[in-house]
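The chain below stands alone and is given as structure tokens, in the form predicted alone.
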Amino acid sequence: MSVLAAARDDVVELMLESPQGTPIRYDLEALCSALDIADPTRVVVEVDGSRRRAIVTIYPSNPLAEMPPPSLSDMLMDRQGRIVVGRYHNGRPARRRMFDPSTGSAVRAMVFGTTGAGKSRTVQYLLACEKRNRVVSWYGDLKGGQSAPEAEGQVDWRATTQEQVILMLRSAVAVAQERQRRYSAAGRNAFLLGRPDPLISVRIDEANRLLERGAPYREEATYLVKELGRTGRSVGIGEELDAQASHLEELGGSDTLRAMLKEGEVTLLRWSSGMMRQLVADGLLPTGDQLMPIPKSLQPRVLRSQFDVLGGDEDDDGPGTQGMGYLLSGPHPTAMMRHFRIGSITPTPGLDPEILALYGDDEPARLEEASQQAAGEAYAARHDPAAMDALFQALQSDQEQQPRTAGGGPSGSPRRSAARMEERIVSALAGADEPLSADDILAAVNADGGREVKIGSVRTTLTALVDSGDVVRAAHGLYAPTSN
């Protein structure tokens, strides 16, 4: 193996090249031991695609110990649809794609990180960038709104419960299907940014709470996320899952869903033990690549004899590592980077003024009129607690009344349940002599011998039937089958 070395400002760079047919393999722990380096975050290893060349960079201290806040120019999309999210270890900008103008595709993304890794601040920055770029942001904060409280009023739709998120996902799928029909009729096979429809981003924070085994709406949530991934990308609707782990069971247990999302933008913050093997097994990291573990603190572990006199700073913590991570889908997946410093350095008693300043003073972007109609009643009521509560109650009632399987979950797929509801509504309309209101339809459906349903379920299904063309609005508040 040939080795070239260079040094500048106490930074050492080793350029390695192996003979053809001999891929470079390395062990990070053994490498740090051989170099007598106690702080492994000072060492960065990058291997090229041929696995014959590598660069080993050794810093006198971690180069990412301190990060500045972002500038407005960092937050605005470039010609390739990217924003700058931070810096790599070598000071170069770390970019993440929000839209792909070369294919006209919205972006699917994942952000992983353990508790305290900086995931919430990363999400806040992405939401602020979306607002600055006039992206319609739909944000599900499944930590009860605590992950990003500053997002209230800064996004088009903010959901804070699993029920709200399910309604939001249903509306997103309905919008995607409506755009598909509209674009097909216009002869369009791709999304054009801002011409005329806005780009939409649907983000679920703490997604494992919605998709993990035992979650109350896991089956339907998995279906909706997968369906949105299939239909949304080419019509300008991106989606992101932010979770604390990458294990398959944390994300709906769906190989299809994981395969679909890992083709997008994948960010890995500080991870737990065992996640590395999962990343390689799931194909999110090429076999042979290794990532330097990110500790909770940059304070190196130093052995001290019991006979040493302790200094006054013995118990001081080193700088934290929040925001450090790897852009696995970027051009340098094994190069450590760090996100910009987002928000105040110390906790604030209320909303963080620095984060609010990132969002700016403009109103958030909203859906175009055609998509508002497709999004239906839930979208119209998203800021009305009383109206949303009625929809939540209908959803919860439907969930409770579904037969249970031996494993405790609902039997049958949500798609089959939805199809059954559609059939009952169409049958009720077909048997009527005149158009019916939603209340009339509710009474007819509940009199057909099937299980009882709530008005919210009827209204949500009516919206989908109107969008699909199976039902028409005969007049304000009145519905009829298309065949009439």
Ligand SMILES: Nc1ncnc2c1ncn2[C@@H]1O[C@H](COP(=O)(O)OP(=O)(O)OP(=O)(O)O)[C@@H](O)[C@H]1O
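All residue numbers are counted from 1 along the displayed sequence. Just so you know, these numbers come straight off a predicted model, no measurement behind them.
Another form exists, predicted together with the ligand; not displayed. Remarks below refer to it.
Contact with the ligand in the predicted complex, judged by any heavy atom within 4.5 Å, is made by just one of 140, 323, 236, 252: 323. With the partner omitted from this view, the residue of 97, 218, 341, 262 that lies near the ligand in the predicted complex is 341 [heavy atom within 4.5 Å].
In the predicted complex, the ligand sits within 4.5 Å of a heavy atom of residue 121. Interface residue remark: residue 240 is not counted as part of the site for the ligand in the predicted complex, having no heavy atom within 4.5 Å. By the criterion of a heavy atom within 4.5 Å, residue 114 is counted among the residues contacting the ligand in the predicted complex. Taking the partner from the other structure, the ligand in the predicted complex has a heavy atom within 4.5 Å of a heavy atom of residue 206. Stretch 342-350 is the contacting one of 164-172, 363-371, 342-350, 97-105, since its residues have non-hydrogen atoms within 4.5 Å of the ligand in the predicted complex.
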